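First comes one chain, alone, set out as structure tokens in the form predicted alone.
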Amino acid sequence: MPKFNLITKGDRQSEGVAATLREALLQRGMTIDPENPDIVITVGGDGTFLRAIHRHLDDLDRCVFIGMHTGTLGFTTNYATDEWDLLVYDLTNHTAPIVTIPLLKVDVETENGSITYHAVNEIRVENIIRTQLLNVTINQTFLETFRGTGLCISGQVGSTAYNRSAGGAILQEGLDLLQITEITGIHHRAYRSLGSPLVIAKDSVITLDSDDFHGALLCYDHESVKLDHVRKITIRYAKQKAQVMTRADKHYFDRIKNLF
């Protein structure tokens, strides 16, 4: 029988729903295995869902992720709190479609070699201490020198997250494209960048380099690392994909309408 893991937001409501789910799945012959699960169920919100994928990055080839939201909005979580029985039915009867979400990959070149990180929603370079200069190259062709707080690079899934808050476009489900969105760019007669979100092909390679990343952060989903002593960052779609159980009765545009 399939093995499952439950990851919750940690609040009382989420823990209560998780306990109900756990008991229902155990009664149907499934077993709990937090280390080697076949199914990962999250109870909370989109943040909980992201944490679950990061926790099981090494298990993406065999894991299916299912999200249940216990708050007011859950874009990547397809089941509401009172639909736990529907989740169990769909899971045990294999009635819900499985879609794949491509992850983003960022390679950070440091003085001691390269470090790789992965993201589901977006990768951001941000500097709130001072103006950050970023030379932007796409597929080895120089595009611009950006000056401002930073840049957000997102895929289709992340287009409704931070990217949307920064004024980026929402990409329809199934469009595995990349998007570059400015974060408070500086525009005047001395310095000017594109000033508009840029949507590019899924096989594009984006390079960001600067003579000085001091004070800047690399933010990938809910995680962040300092970029001091870094010279170049390369971003592209990763080979890894997350498998997510969705719902045939939840149209993408219905979820879009819940955003506003």
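Residue numbers run from 1 along the displayed sequence. Owing to the predicted nature of the structure, the values given are computational and were not obtained by experimental measurement.
Here the subject shifts to the form predicted in complex with a small molecule, a form of this protein not shown in this document.
Residues of just one listed stretch (58-66, 33-41, 196-204, 218-226) have heavy atoms within 4.5 Å of the small molecule in the model of the complex: 218-226. Arg51 is the sole member of Arg51, His214, Lys232, Arg192 with a non-hydrogen atom within 4.5 Å of the small molecule in the model of the complex. In summary, among the residues Leu171, Val136, Ala161, Ile183, the only one with a non-hydrogen atom within 4.5 Å of the small molecule in the model of the complex is Ala161. Within 4.5 Å of any heavy atom of the small molecule in the model of the complex lies no heavy atom of Gln132.
At a distance threshold of 4.5 angstroms between non-hydrogen atoms, Glu122 is in contact with the small molecule in the model of the complex. A residue is said to contact a partner when one of its heavy atoms sits within 4.5 Å of a partner heavy atom; Tyr89 fails this definition for the small molecule in the model of the complex, lying far away. Interface membership of Val157, defined by any non-hydrogen atom within 4.5 Å of the small molecule in the model of the complex, is confirmed.
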